[in-house]
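Just one chain is shown here, as structure tokens, and it is the form predicted on its own.
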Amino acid sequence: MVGLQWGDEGKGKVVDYLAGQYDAVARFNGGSNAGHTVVIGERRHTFHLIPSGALKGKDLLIGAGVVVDPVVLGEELSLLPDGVKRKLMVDGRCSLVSPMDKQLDAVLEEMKGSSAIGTTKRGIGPAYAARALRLSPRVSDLMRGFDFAAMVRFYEKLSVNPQGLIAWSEESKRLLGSLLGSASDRITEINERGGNVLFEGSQGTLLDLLHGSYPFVTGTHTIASYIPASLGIPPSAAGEPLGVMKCYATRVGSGPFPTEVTGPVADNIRSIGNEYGATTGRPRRIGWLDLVALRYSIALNGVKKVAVSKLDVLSQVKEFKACVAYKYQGSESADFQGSLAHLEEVEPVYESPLSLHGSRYDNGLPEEGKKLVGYLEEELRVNVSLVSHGEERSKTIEL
């Protein structure tokens, strides 16, 4: 399961809804910058590191491609039933997010000034960078004793407290010791006995480190082809990707956003859709549906099936627009990849195919919703298999 836009597509709800069909749910990318929200009745849960299948009692795996902040993980576990910890495994090859990574994240954002990316400042980028520099401790390194001297020297410009680092290290060992394992071995074991695993991605395709709107991207890969590398399984075991998309678009932080709208329309959608970051609380930027970007994401991930969220929001908004091309220097193009170099300068070309205003979901998918599904299937050449019309788990329609 991958996000097809700029993140915040409703992936947490989709994973929670589908988890009952699987033996395990495995996170394969990102870190505590994720904010996957699951709503059941009056209860609201936001998952940052723990896979979103936690409330279905499934085995929970955090793959080697995830960077783990032990402090956030401990806080998250403390808010969930005791049984969740017994179901959770953290791959020993995961890199850790240290206090120094968080400090560096904030320093880098400040240094960039007006070019700041708008990160969550949770140390995700620096943790992945430290891994590439072979400085970052992995979970397994922490267990057998890790010499932080080289890392401290690298970060010596930061206000690192050596005693605080030792205390963080010891507390992290206590938390992670009972969770240590191999996600790849567990997935292989589940597959060999005829079971199956749901792979949960964080962020969105357009934030991928290589294939997104660089440099305004996240610190890792967000696309389906990263699943085998992250989890240590063969590509053939990754299965078929499911893409998740909203029927409009949002973005958090800086960076190009071709279909962005502001003013009363954006404020209305933000209010109705509760479009505020689950991790940071920041108001999300609002935009109309971008078919150019979605076709790019669908092709990049090899997606044939999609889940569409937030139809209930469009039922309370009079307008609906879909971007079908970009105009740049007098020419129109539907090539997202070819537009990446000047994405901040393109002008969206819109059509208004239909309206969902006033539609209700008391008796299943209304006629207006069926028309939107048909429109998306024709324009994106995919099958819409799931429709969400509210945050709560029960407000989901399978097609």
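Predicted model only: the values in this text are computed from it and were never measured. Position 1 is the first residue in the sequence shown; the rest follow in order.
What comes next is about the form predicted in complex with a small molecule, which is not displayed.
Colleague: Using heavy atoms and a 4.5 Å cut-off, decide whether Ser202, Leu207 and Arg282 all contact the small molecule in the predicted bound form.
Modeller: Each of the three qualifies.
Colleague: Would you point out which of 250 to 258, 179 to 187, 233 to 241, 325 to 333 contains residues with a non-hydrogen atom within 4.5 Å of the small molecule in the predicted bound form?
Modeller: The contacting stretch is 250 to 258.
Colleague: Considering non-hydrogen atoms and a 4.5 Å limit, does the small molecule approach Ser136 in the predicted bound form?
Modeller: No, Ser136 sits far enough from the small molecule in the predicted bound form that none of its heavy atoms falls within 4.5 Å.
Colleague: Just to confirm, Ile117 within 4.5 Å of the small molecule in the predicted bound form by heavy atoms?
Modeller: Heavy-atom contact with the small molecule at 4.5 Å: present for Ile117.
Colleague: Give a yes/no on whether Ala34 approaches the small molecule to within 4.5 Å in the predicted bound form, heavy atoms considered.
Modeller: Answer yes; at least one heavy atom of Ala34 falls within 4.5 Å of the small molecule in the predicted bound form.
Colleague: Does the small molecule come within 4.5 Å of any heavy atom of Lys121 in the predicted bound form?
Modeller: Contact with the small molecule, yes.
Colleague: Select from the listed residues Ala307, Met151, Val217, Val313 the one whose heavy atoms reach within 4.5 Å of the small molecule in the predicted bound form.
Modeller: Exactly one listed residue reaches within 4.5 Å, namely Val217.
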